[in-house]
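Considered here are two forms of the same protein chain, supplied as structure tokens in two stand-alone entries, structure 1 and structure 2.
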Structure 1
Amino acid sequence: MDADDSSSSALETFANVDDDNNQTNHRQIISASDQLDIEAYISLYSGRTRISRLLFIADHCGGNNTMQLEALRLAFDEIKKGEDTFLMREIVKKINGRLGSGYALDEAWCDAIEKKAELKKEKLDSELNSYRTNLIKESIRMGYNDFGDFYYAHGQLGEAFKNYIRTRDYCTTSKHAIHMSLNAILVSIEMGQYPHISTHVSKAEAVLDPLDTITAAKLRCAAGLSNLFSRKYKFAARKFIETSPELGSQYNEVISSQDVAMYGGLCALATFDRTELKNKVIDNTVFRNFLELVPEVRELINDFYSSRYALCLEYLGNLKSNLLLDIHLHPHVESLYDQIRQKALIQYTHPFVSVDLNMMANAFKTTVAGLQKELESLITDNQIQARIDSHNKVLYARHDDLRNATFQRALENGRDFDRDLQSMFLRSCLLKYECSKSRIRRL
């Protein structure tokens, strides 16, 4: 017991020393990112995802008015560059004149865009028809692809998806097939059609020619996202971790390298066990390139691994508000956080025979009563094998007596068997009765 206590207190002091060193240089990063710099954030992305991310921020930033207006302003500028009149009307409604006359609905612009779109559509249509009469495969593919691009630019995602899919019959090389799949994935991510993502990822991965690294990395990201959406965090973590750092900003119409680090890091933290965390994340030279981009995540993973839970949880707490503004991570933040916290608690208690709750509460920066509640739910779920002495505030590890448990189980099984047989005999009696009765009736 003594040894335990001293070792845990040694750990504490060690943690505290470290605390002071780290706190100073990290504090700055955290306070810098405390209020999300939208402009810097959005510059990481390109294409339509900028608009949807900005709109997401505007919808979810809570009561923060300046932030909302900033997001809306940037989104407005972004939309103006594109050709989506529907989004334009939407955002003007959202801005509601709060940004001055420069951000009102420009009817002339809309009309012009719509007219141009009409013309372009006709042109594409006639082109496609002529290709089809001539039966030139490549041209037909291009025609459908152009149609897909056209609809995508105008925000008709369903139509765009259909047209991209149509190109499949006219794909002649594996490059075309991959192109088709990537387009389909892009649209499905924006539409939120998660099941499509994984089917297209596997389709693209099934092509015969070896993929170039960047395409492979893109597909990994897409697969990771689809697993994230379907709440399979462990698979998501694996996919993100396998992503090659050559991705750079190549896929920023969907995801930035920072996102890969963040999603991968958090999912890994929530689902991997200690050895996996060490081998696949911390010692992973490839993934380290990503983690360097988001030092907070790197630090918190290291803190977690070296059992500085308070620090780790503090980082998480600081990151939370920003993560909640992320379009893909938003719905998963709470459950990931819960899982990470639970894992931290389990890991903390694991090596000890007895743990002083006061000390543990300190390490997790929480109250003893709160900690007791958390531990209680973990014990009830059988995640921690221990019992709480709430009088002396000590947690004692509990080792099941295998011998007794075996006896218990054997007797229990015997009883079940006995019972099942009895009722089976009775049922067979009744069946026999029914059977002979029906025979008598027939005779």
Structure 2
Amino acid sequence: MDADDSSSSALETFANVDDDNNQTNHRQIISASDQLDIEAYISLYSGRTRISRLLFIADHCGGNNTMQLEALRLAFDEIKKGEDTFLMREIVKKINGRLGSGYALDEAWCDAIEKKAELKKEKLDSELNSYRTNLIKESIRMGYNDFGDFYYAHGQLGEAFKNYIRTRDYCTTSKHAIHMSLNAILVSIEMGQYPHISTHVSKAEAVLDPLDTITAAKLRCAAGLSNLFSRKYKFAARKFIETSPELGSQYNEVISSQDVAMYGGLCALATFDRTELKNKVIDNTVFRNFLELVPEVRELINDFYSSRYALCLEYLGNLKSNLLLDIHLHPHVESLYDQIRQKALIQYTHPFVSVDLNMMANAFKTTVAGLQKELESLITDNQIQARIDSHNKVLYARHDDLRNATFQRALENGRDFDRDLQSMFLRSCLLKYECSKSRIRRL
């Protein structure tokens, strides 16, 4: 067997011909030492998710003090724009004086925000009681919605969720019902209550009026996140791939277009077979709009489909440290990477009768001993039909004996034919000697 062309260096720049415009593009080189540009990354988002993601990076940056302080600094600046005094106190504790006096707790600011919040809460409560007395459904709905916004701004997510849900009984149009579902989904994501998401996505999709493109795209993203949380990676991939590129920056309080490409691409790579990968991802002109925003993922998928496994896996390895800092993808990186690697090993061995393990180990940038353990696991799980010659370091495929299978089918057909023929002879003899029909049936 010839060595796979994936044995070339993954960091080598090479020309890539685009099938659509026939222009030559140079591949971007990604190094494992590349550090996440936190400021550029967080600029993709808006609202509370900016703070959540920054705090997640600070907690999961692996002892990188520079990155941690940068994330905390940006989070502090972002919180100062809002009204969540509890979160402000929490982040000041995390900073612990490491950023100087400018990032210490401002008690005057906290007191002012809390006093303002009390006054606003009293006003909202008074207005809502007035609406209830007058029994005006639309005003009551708006009152609960305002309360939900108030609690959300102050970080009381449980109370915000309750108030958003209370608007359900006062929704009079499909637009109101969709707005309620989107608010419930937003808070559920912030609280990490992903099982609630699928329920509210179904409710929004069940409205009588057709959904506009942006709303439909938001619901697909939400469903994708719910499936990702449940480790239903194939369903997650389908939802992200079906998302319309018109989404743009319309859902940045939850997810960016770059995330759609990243989550959808990796989940597809881990679960789709070659045909699905080709038809639903590579040749998908709609999803290609997302992939263009993240060229690394586009190249990963093309490398995998073109059997450049070493290049694909090395690229994945270099991206791993940054992917582990993603608030939604973090718990799934290891699982997705394992599935992608296993698929690569299976597809590499599939066309051959025998494979030299030394050449295969070189193609996958690993040791023969390590490769042998991986293959043993796949053989045990019945994912590869093969056996390993440990002495000569050769993998032998177990292909079906087509000649023997053909003979066995012929013999079985012959036995069936003989049995049917004997049954026909018996019936004709019974009819010849004028046996009754009922008796024939009994026989």
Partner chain sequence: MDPLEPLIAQIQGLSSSSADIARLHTILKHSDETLRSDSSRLYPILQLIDPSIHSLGFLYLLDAFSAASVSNQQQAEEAVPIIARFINACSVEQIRLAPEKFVSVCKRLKDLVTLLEAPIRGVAPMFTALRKLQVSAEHLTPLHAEFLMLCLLAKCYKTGLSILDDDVFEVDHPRDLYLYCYYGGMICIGQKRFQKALDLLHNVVTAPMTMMNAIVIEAYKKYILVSLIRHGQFSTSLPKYASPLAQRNLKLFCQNPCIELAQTYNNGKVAEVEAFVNANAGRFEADNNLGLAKQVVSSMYKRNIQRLTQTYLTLSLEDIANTVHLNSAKEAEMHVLQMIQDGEIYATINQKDGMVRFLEDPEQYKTCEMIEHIDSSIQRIMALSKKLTATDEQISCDQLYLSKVGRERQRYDFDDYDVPTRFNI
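No experiment lies behind these values; they were computed from the predicted model shown. Throughout, rigid core stands for the largest set of C-alpha atoms superposing within 1.5 Å between the two forms. All residue numbers here follow the sequence of structure 1, with the first residue given the number 1.
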(request) Specify the structure that is the form predicted together with its partner chain; exactly one of the two qualifies. (result) 1
(request) Could you check how much the CA of Ser428 shifts between structure 1 and structure 2 after a rigid core fit, in angstrom? (result) 42.7
